[in-house]
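Before any questions on binding or motion, here is one chain by itself as structure tokens, the form predicted on its own.
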């Protein structure tokens, strides 16, 4: 028996009754299920994503595509084991029209599966696992953030551009570290350089002494790395304490220093990273966004707030084109792909696999900020390898 989605059944029932999308005709609000971490380690990230998304809606007087927007918040607790039940709660009990989530790459896969099977638009405002816009790409899945490959690729290109010929990559032994390492390798290679060594630490181990002891004998001119949160704090401190920085500079994907500069302290000073956002970006949209976000939350905007805001901008583009009908899948997706998103990070468009084509900025840690000092890779698209969506 051929699988029929919940959406298809609803649409068929409406047509049988001689009604065309009655909920929209009656002015029903658009229900957005926000499945984000609102507790635990990633709570601050989830709150800033949500606040950025809510700011975009407020700027449009609470409506997108002519429809009032109702937000349904669900704490995913960054727990992959709970993800399927949480997704079902939003799609079956709450009957949301749109999904927004999430931070954790393990959790987002349940959202991707639901978007593909139930034909509900999903906007990913952080999780960088490459499969979501590669092998598992879908007309219903859109990313407003990055693939793990992109920032690290930019860092590799920046190193090669300044004459580095050999570099090593150090990371936790898990998917995000592996995918970032592939980007770093490709960026170096495309710039005429080479990633000669990959050193890994079991996740979430923070005893870095065994790998640090190997670095001086590798014959490399730089070390790139992917760590985040507490691991990033410890690794940066341990690298500085080892004395390696005097001869072998440390750099990495932007998450090595993003949101952790204060606890890293002097150990982070001068570290260069690459990311699609950074402190001091001087464009009118960013200045206005940071002012509005600070007024709304009393917090400074960060990359997570930007990603939430831009998910809202992408949703608005699709709804404007379809007069509020998020279920008009092909027209909705085509409008988002055609849109030029005026982001605080700098304007971007989407690739055929629905991942941002965006500038990756080169940043340097200075006085507690990740200051933008140049461009690591301009208008960078993820390769989209394995995506079989039409047009990809």
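In this text, all values refer to a predicted model and were calculated from it rather than measured experimentally. The term rigid core refers to the most C-alpha atoms you can superpose between the two forms while keeping them within 1.5 Å. Numbering follows the first chain given and starts at 1.
There is another form of the same protein, the form predicted in complex with a small molecule; it is not shown, and what comes next is about it.
S.K.: Name the residue from 141, 170, 99, 176 that puts a heavy atom within 4.5 Å of the small molecule in the predicted complex.
M.R.: Selected residue: 176.
S.K.: Tell me, out of 148, 272, 264, 91, which residue has a non-hydrogen atom within 4.5 angstroms of the small molecule in the predicted complex.
M.R.: Selected residue: 148.
S.K.: Whether residue 126 contacts the small molecule in the predicted complex should be assessed with a 4.5 Å heavy atom distance threshold; does it?
M.R.: Although the small molecule is absent here, residue 126 would touch it in the predicted complex, with heavy atoms inside 4.5 Å.
S.K.: Could you tell me if residue 103 has a non-hydrogen atom within 4.5 Å of the small molecule in the predicted complex?
M.R.: Although the small molecule is absent here, residue 103 would touch it in the predicted complex, with heavy atoms inside 4.5 Å.
S.K.: Residue-level contact is defined here as any heavy atom of the residue lying within 4.5 Å of the small molecule in the predicted complex; does residue 304 satisfy this criterion?
M.R.: Residue 304: yes, in contact with the small molecule in the predicted complex.
S.K.: Using 4.5 Å between non-hydrogen atoms, is residue 228 touching the small molecule in the predicted complex?
M.R.: So residue 228 counts as contacting the small molecule.
S.K.: Which of 240 to 248, 311 to 319, 104 to 112, 215 to 223 has heavy atoms within 4.5 Å of the small molecule in the predicted complex?
M.R.: In short, 104 to 112.
S.K.: Does superposing the core leave residue 90 with a CA shift of 2 Å or more between this form and the one not shown?
M.R.: For residue 90, whose C-alpha is compared between this form and the one not shown after core superposition, the shift is less than 2 Å.
S.K.: Taking the rigid core as the reference frame, tell me whether residue 80 has a CA displacement of 2 angstroms or more between this form and the one not shown.
M.R.: Moves: no, less than 2 Å.
S.K.: Does residue 227 shift between this form and the one not shown by 2 angstroms or more at the C-alpha, the core having been superposed?
M.R.: Yes, residue 227 moves 2 Å or more.
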